[in-house]
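Shown below, as C-alpha cells, is a lone chain in the form predicted on its own; questions about how it binds or moves come after it.
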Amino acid sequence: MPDLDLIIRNARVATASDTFHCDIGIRAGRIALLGEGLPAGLREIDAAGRTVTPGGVDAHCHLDQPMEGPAKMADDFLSGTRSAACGGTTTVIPFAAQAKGESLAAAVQDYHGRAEGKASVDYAFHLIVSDPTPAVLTQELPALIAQGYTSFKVYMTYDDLKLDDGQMLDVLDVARQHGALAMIHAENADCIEWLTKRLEAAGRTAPRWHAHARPMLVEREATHRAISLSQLVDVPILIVHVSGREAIEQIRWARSHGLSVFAETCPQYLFLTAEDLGIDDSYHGARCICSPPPRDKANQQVIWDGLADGLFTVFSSDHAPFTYEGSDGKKPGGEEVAFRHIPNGIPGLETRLSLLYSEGVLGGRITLQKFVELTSTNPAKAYGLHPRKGTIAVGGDADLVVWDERDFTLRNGQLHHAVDYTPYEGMRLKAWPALTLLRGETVWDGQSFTGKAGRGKFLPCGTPTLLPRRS
C-alpha cells in the first residue's frame, strides 16, 4: 500500500532561497519527502512545466471586522477565506479590534466566534489596541501575547482608533517586554483633519480630494515619529501599507542607523494612482479610497525598487472589503457622501499573488525567490508561523500553489469575494493559480472552489523570528 497520500510530480519548486526540480511527497497534511522518483502515492498530480510555490500568507487583511453603522464589511470569514484559497493564499491574519472602552480579550473572543465554522483556510489573529488602559497594558495584552497573539496594530490616525505618543510608548514597551511585534499605521491625524476642514470649506468633498487630505507629508512625518518612538523604547516595529518615496526615505534612514524597522506595502501602491480616485468630481473614485491613498507613477517605481532591494519585508493585501453600490459600503445609507465619510479600504485578498507574480516575476521586476519571500516566507517569519507555514520543506504544512502561466483579462465576475467590484478590473495578467492545496487537500482546482467551511484551523503564533533575541 502506498506510504504517501499525495505526490506532486515533476515540480519546479520555488522557495525564498532556491529553485529546484523534484517530486513533493505529502503524508497526513504535511510535506514528508522531497526528491526525485518518489514511490507511488494514493493520488498523484503532474506539475511538469509548472512552478510550485508555498501557499500565500496574507498577513494584513480585514474580515468581518466590527464597524460603526451603517458601514459593514462585505466579506466575512466564509467569503473572505474562499476568496483567499482561490487566489493561492492558504493562511490569513486578520484583526481582532478592540473598541474604546471595551476589553481586548472580549474582542478576541468575539473574533473567534466570527471565524469558527466558516474559515476554509488557516488563520491567526493580530490584535488592534485602541484603548491601552492599565488593565490592558499590565494584564490583558501580556496574557494574550503568551497565548499566541504575538502581534498587534496601533494607529496614528482615525478618531476611534488613534493613540497619542504617550500611549504609543506604553504599548511599544509591552511589545519589548513580551516579545511581540508592533505594526503601525503611520499618518498624522491632526494634519489630515486640518487639511480636510479646509477642503470641505472650499466645497472640495468629492472622492478625489481624499488624496489631497492625505499627502505624502503626513505619512512621512508619522513614519519619522513612529521610528523615533521605537528608537526611544528600543523595540522593532513594522510600518504597514507604505505608499511612496517620502516614507521610504525615513525607513532607509532608520535602517542606515542600525534600527530594526520593517516595512510592508500592498498592491494598490503598485497598480493604482491618485487618478483612480477621480480626475473630476464624480463619485466613481470612491471605490479606490484607502489610506494612505495611492500616489503617482513615479512612486509606483519607488515601491517596485523597494520590493526588489529588500526595503520591504512583507507584501500584503490590506483587504478591506466594502461594496460600491450597497447602502452599507462606499455609499453609506445609499447616499453619495463627502470623502471624509466614505469607508476606507479596497478588496485585494484574491488578487494579491497573481498581480505580483504577473507584473513582478513575469514582468522581470523581482525574482521568483523574492516573490516567495515577500508573500509567504517573511510574513510567516514576522508573525511566528514559520517553518510550519511559508516554505516548502519536510515537516511543514503541505500548503502549495501550482501556477498556470497564461494571459487573461481580470474581471470581478471571476473572483470569489462578496464585493461588487475589483479596482484591478480589466488588467491583463499573466498567471493565476491552477491549484491550491491546504494541508494536502485541494481547495481550488483551477476552475472551482473545492474547500470546506470550517476546515481552516486557528494558529496560535510563536515569537516573531524577525525579532532580535533578548536575554
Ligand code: URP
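Just so it is clear, the structure is predicted and the values come from calculations on it, not from any experiment. Don't overthink the numbering: it's just position in the shown sequence, from 1.
Beyond what is shown, the protein has a form predicted together with the ligand; the following relates to that form.
- The chain is drawn here without the ligand; in the predicted complex, the stretch among 352-360, 135-143, 225-233, 154-162 whose residues come within 4.5 Å of it by any heavy atom is 154-162.
- Every residue in the set His60, Ser291 and Asn344 has a non-hydrogen atom no more than 4.5 Å from the ligand in the predicted complex.
- Here is the short version: of His241, His126, Lys389, Arg295, the single residue with a heavy atom within 4.5 Å of the ligand in the predicted complex is His241.
- The partner is absent here, but in the predicted complex a heavy atom of Asp318, alone among Asp318, Glu373, Asp397, Asp122, sits within 4.5 Å of the ligand.
- Of the heavy atoms in Arg287, none are within 4.5 Å of the ligand in the predicted complex.
- Using a 4.5 Å cutoff between non-hydrogen atoms, His185 counts as a contact of the ligand in the predicted complex.
- Using a 4.5 Å cut-off on any heavy atom, none of the residues of 428-446 reaches the ligand in the predicted complex.
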